[in-house]
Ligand code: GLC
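Encoded as structure tokens, the following chain is the form predicted on its own, with no partner shown.
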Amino acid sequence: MKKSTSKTVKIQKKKSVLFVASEANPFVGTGGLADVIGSLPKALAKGKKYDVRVVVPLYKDFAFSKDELTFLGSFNVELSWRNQYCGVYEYNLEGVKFYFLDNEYYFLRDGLYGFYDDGERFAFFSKASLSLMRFLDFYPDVLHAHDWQSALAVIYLKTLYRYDYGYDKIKTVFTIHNIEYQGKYGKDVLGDVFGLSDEYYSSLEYDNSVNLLKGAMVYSDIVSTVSPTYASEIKYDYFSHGLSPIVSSVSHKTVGILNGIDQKLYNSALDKHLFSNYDETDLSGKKVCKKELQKMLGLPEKEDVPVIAMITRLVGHKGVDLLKCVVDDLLSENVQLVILGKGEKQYEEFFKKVQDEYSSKCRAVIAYNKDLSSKIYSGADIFLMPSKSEPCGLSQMIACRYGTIPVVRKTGGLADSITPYNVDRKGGNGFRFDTYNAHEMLYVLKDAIYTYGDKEVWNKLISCAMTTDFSWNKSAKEYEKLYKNLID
């Protein structure tokens, strides 16, 4: 009788990650956080190494109808003396399970943020995200929370839930997208709103207030930021918005991983908003986009005049104060300037005045307009992004995808994503200046304008910019390694 030669195959269970965040595209969003939560989980799920799930509040501003979601049931959430209903809806998208937590008292409002009770709203959301695990009987290997709105998910896990079955083995990653927003409240909210005893006050206290961002940084196993340079910058007072001592104290567990962008969404060959599609092998469509943009904005249709664009919030730290200082010098050059955005009244009025004074050279559109932004990305030649600080930035990457050459300041993700041609003139996907100084910015801008005149060099820059890999694949692999090391 022959012996069996078959071997027992051990089936390895997938590791799991639960993202906790206050917004996610394509469902609901206000900025870069939604882009990250809409893209990174999908990129991780493609690798098939992780069971990836996301939990987000179900806001009034939700882009989908409730009828398109699957209702899973409900549970109640205890928050200090409160006992609140929480409905659970599910939607599967590209290998990722998205859960939406429903409570009309907290989330059936116009807008996502800026309410007097935001602390209570997101404390409910954070506590409900942990209760969701018990409801689903799903305890992830890693809880990955984002920004102050979900900071309490980390804090609750490591305090109130730290000895509970299922919760006691969960590792935590907390990502800072912008350290300026910290979730600061008076001491009285600790027990009355957050339901935490005074024994935890010292862990959350900073500058005589409860600081949720600080608490999550202290309690999390890993702190990450959205670019390597930003991880270093926030150790210094100039960038940390007062938290540099805390950043330094957790530096041993801090990493910086550069965000990516959705390269299918931002694709000059596929974007339906463009006047004409094109790619790096045939730029004829970009010439059409430029001509039609000039016509649409009422600017002279001049192919050889470089169009410089800014798509930004009109606030000082985005560098519009630098442009304000030297705009007359810039517009004395043979250029056209296009600005799209809203923000502080002083800058809105200033750039409208510049448009009036330089009617044949400048257009300032004081609005948020996604369709027009695509047309500007594709129709411009140079994209100006002179931020004082920029944790990661997406606009410089998007500009590259459309063959519009970025001029950026060396900070945060701008430093990590843009390789400066103006340093050695051998290669690169943009231009960069170091100091937050209007005239240094102007000097590098003029270099870009001069280089634009050499079509052979400029076309090489365009090719390099359009082929730079800004996909989430690279970032997802770095997070996979991070999770693996943490779990192991």
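All residue numbers are counted from 1 along the displayed sequence. These numbers were taken from a predicted model, which means no experiment stands behind them.
One more form of this protein, predicted together with the named molecule, exists but is not displayed; see below.
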### Query
Just to confirm, V226 within 4.5 Å of the named molecule in the predicted bound form by heavy atoms?
yes
### Message
At 4.5 Å between heavy atoms, is V36 in contact with the named molecule in the predicted bound form?
### Response
yes
### Message
Just checking whether G393 would be counted as a contact of the named molecule in the predicted bound form - the rule being heavy atoms within 4.5 angstroms.
### Response
yes
### Message
Taking the named molecule as it sits in the predicted bound form, is R401 near enough to touch it, meaning that at least one heavy atom pair lies within 4.5 angstroms?
### Response
no
## Note on the structure
Of 324-332, 212-220, 383-391, 80-88, the segment with heavy atoms within 4.5 Å of the named molecule in the predicted bound form is residues 383-391
### Summary
in the predicted bound form, the residue from T254, N178, S268, T172 with a non-hydrogen atom within 4.5 Å of the named molecule is N178
### Message
Using a 4.5 Å heavy atom cut-off, which residue among Q294, S374, T312, N259 comes into contact with the named molecule in the predicted bound form?
### Response
N259
